[in-house]
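To begin, one chain is listed below as structure tokens, in the form predicted on its own.
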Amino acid sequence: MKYPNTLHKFVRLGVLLAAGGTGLFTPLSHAQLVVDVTGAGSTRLPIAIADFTGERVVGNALTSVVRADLERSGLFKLVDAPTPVGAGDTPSYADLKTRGADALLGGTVTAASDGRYETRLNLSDVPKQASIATQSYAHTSVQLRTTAHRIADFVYSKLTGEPGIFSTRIAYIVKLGGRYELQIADADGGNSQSALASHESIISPAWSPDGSKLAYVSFEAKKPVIYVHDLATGRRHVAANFKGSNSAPAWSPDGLQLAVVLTKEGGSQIFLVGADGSGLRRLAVSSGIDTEPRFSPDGGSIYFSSDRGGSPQIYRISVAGGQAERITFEGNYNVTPRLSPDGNSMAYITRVGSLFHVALMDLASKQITILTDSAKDESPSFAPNGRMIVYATEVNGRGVLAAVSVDGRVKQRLSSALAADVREPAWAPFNR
């Protein structure tokens, strides 16, 4: 069987068939994603990340991740800082200005008697020769990557005025041969962990609003069944296992309900069900295929893909039911709606000729921007700050992940070192 791909036939959005062996297997422990930056912002802020003083080995481990995070964002240009700068040091502003730096991050790492570390930071404005903000973190040696991502978020937030996303996570599916694995990794692709491994297809991962659970579809019961998986305990329960296909779970903003696609009454139709599997309610009646539901951020509406009008398009319907409103009109193939965290825009997949791209629609003005130039894009997912979109695409016949900024300028590619397909990314919400 080919890896599930919504681009080949629209009917596969509603009902996916699986084949293969059974049972679990050893996780793909080396399926770390590697990030390549393929595009950057039109203007990048020059920043120097100095080596930290104090515990140099720990400091170097932190600064290497912070530098990689900021450079990968496409919004910052790294400038060399010739000497270490501690949190309380007065830097050589004249030298930094000559080097072209507008900002400087310095820090000091101190070891505590209990084996923990304290990292103190100072972010400075070079032209003004003044401190912008200070911060400190207590952490262990095994928390270096997590702490470094938090430091990068601190810098990003202070210099852009928006929350950073370096501490967030992404979920995605890895397929190698006949093996499937649901993995969770840091936003930079590092620290990947397996949540589920199987010889049967796993598709459609969706994060709960608080980031503690994943809903997904597994074919391990020889049919598509929707599970809700608690990431802290590893326990899961069945949320939908009705007659026929159970697919495309999407969380309500309060985390109490799932919008799902069922064929229990014939055809692919959208239902609402409690996250615990209770209280099933059909949302709408359609003679076509209704699939890929997504709640609006306010929880009042559901956006979905449907061919009810003759071609695959995106519609919106109230969670109370009623008449569905068509949203997309440009082109004859528009699917996979994903709402931005503020609800002002919608990412989706559109077909232009024979190519499938990630598009962005301003919902107020209906203005559409094509964000990608690749050919087989699918599964867009917004970062929780709304500034980036991760999606799946194909390069040299292999599934990889990519990310693009909402203005289309910053581009990244995330691929596995293994000869594996990586698909269906879902960006987690901010940690709570």
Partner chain sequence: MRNLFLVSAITVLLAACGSQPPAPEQTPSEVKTSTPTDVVVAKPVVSVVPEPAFDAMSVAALKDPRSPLSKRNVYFDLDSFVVKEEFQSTLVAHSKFLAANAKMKMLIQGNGDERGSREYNLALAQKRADAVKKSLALMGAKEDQMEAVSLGEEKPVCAEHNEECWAKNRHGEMLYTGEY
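Positions refer to the first chain, counted from 1. What you see is a predicted model, and the numbers here were worked out from it, not measured in a lab.
Although not depicted, the form predicted in complex with its partner chain is the subject of the following passage.
Look at 196-204, 181-189, 83-91, 68-76: in the model of the complex, residues with non-hydrogen atoms within 4.5 angstroms of its partner chain sit in 196-204. When its partner chain is considered in the model of the complex, only one residue from S124, T119, T291, T147 comes within 4.5 Å through any heavy atom, namely T291. This chain is drawn without its partner chain; in the model of the complex, the residue among S345, T263, S167, S301 with a heavy atom within 4.5 Å of it is T263. Although the partner is absent here, G244 lies within 4.5 Å of its partner chain in the model of the complex, judged by heavy atoms. In the model of the complex, at least one heavy atom of A248 sits within 4.5 Å of a heavy atom of its partner chain. Under a 4.5 angstroms non-hydrogen atom cutoff, its partner chain in the model of the complex has G267 among its neighbouring residues. For the chain shown alone, L105 is not a contact residue for its partner chain in the model of the complex, no non-hydrogen atom being within 4.5 angstroms. The partner is not shown here, but in the model of the complex the stretch 321-338 reaches within 4.5 angstroms of its partner chain through a heavy atom at Y333, V335, T336.
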